[in-house]
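As structure tokens, one chain now follows by itself in the form predicted alone.
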């Protein structure tokens, strides 16, 4: 499938280069950043190590037929719409070819540790000096200037070090010694870092229109995750140390009504506070007598007696399915949504109505659906224009046609392990 002519794209004049992670620690931030721009039409050249390919090709479930490196679900998702060029950028000739590719690039996503980049001649200062219009985006564990710059991090480290893991599950911990911090599923810290990098790169691209110059963007996985708990940062810096939420940030213990409740067929999230939601919640519950008790009369009283409130809510929820509770809560304007499993997410009516899941035809993996962009744009929508590339699929196009390398030399470079 190749739908490159399906209409105008928001970023179809932008050329992006994505470098592979050469460290052994899996890290998919640059790949997510590249995907974010590729689905909006940017030309994203994914540089991959010869023979083995990028890390994306080695993680996740794989298809029933064809090489695993071409059918891994993570690769099919993250690399959709990209061009694959194999280059050993640690060899001199591979480095030279990369420099030629960068001459025509607008943005570079580089996920490699600062010390390794400097050793390979890929440090951001070197690249910014050589390519003054290039937006060089470093996506690293701790930032290129941090005191931790040479430490190895990763998804688990960023999740815990940022505070996200410490507060998860939020307002549900009743026995801290036996309810340890949790890790977010899969590699959410990687993907959050990638989205952060893509957004920051676009700001720099817009800035270049005024200044004519590129710049270095330093994206730290650790700090990208810190940004997801900015409410906590505000509470720590501005709230009274005696406030309940301020104290909870240090003890993790549940301090008020819960967020997630069991119901007849699973779990739902539900919020009856702040106070403007309480009246709707009472109507949803059928105006029970217990809701008229003095201990539930005000928001302050409900917070003080949250254990009793949770017990009463749970008793009611266990009589209904999550879909029934969701519909009743929505009708009264009360925040609530079911906790879906993977199949339920795939069959969700809202996602179907928004065409969230996109069809894709891959020459090796076959026909499948995958998640689309987490937003919709009217005139220049994100789209699946081409499937994830086969390893080195675009060597002839980029190295041969664009850089002018002959077919014979390409063969020699391949034999030498350069491409």
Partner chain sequence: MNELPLAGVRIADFGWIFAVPHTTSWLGALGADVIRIESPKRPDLVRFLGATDGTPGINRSGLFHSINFSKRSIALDLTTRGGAEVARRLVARSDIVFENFGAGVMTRFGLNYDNLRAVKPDIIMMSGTPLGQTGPLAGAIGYGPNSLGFSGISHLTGYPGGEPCGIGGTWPDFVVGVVMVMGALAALHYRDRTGEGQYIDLSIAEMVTGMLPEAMMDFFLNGREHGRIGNRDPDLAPHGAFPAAGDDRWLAIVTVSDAEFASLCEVLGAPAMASEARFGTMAARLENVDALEREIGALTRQFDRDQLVALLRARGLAAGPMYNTAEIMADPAMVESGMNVELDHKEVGRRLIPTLPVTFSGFKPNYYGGPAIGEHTEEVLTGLLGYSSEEIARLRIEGGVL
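Bear in mind the structure is a predicted one, so any value in this text is a computation, not a measurement. Numbering follows the first chain given and starts at 1.
Here the subject shifts to the form predicted in complex with the partner chain, a form of this protein not shown in this document.
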>> Since the partner isn't included here, can you check whether the partner chain sits close to all of 199, 354 and 370 in the model of the complex (heavy atom within 4.5 Å for each)?
In response: yes
> Heavy atoms within 4.5 Å of the partner chain in the model of the complex: which of the stretches 90-98, 147-155, 288-296, 308-316 has them?
Replying inline: 147-155
>> Taking the partner chain as it sits in the model of the complex, is residue 325 in contact with it (heavy atom to heavy atom, 4.5 Å or less)?
In response: no
>> My question is simply whether residue 224 lines the interface with the partner chain in the model of the complex - judged by any non-hydrogen atom within 4.5 Å.
In response: yes
> Does the 4.5 Å heavy atom contact test between residue 401 and the partner chain in the model of the complex come out positive?
Replying inline: no
>> in the model of the complex, is there a heavy atom of the partner chain that lies within 4.5 Å of any heavy atom of residue 265, even though the partner is absent here?
In response: no
>> Within 4.5 Å of the partner chain in the model of the complex, counting any non-hydrogen atom, which residues from 191-226 show up?
In response: 191, 192, 195, 196, 198, 199, 200, 202, 203, 205, 206, 207, 209, 210, 211, 215, 216, 217, 218, 219, 220, 222, 223, 224, 225, 226
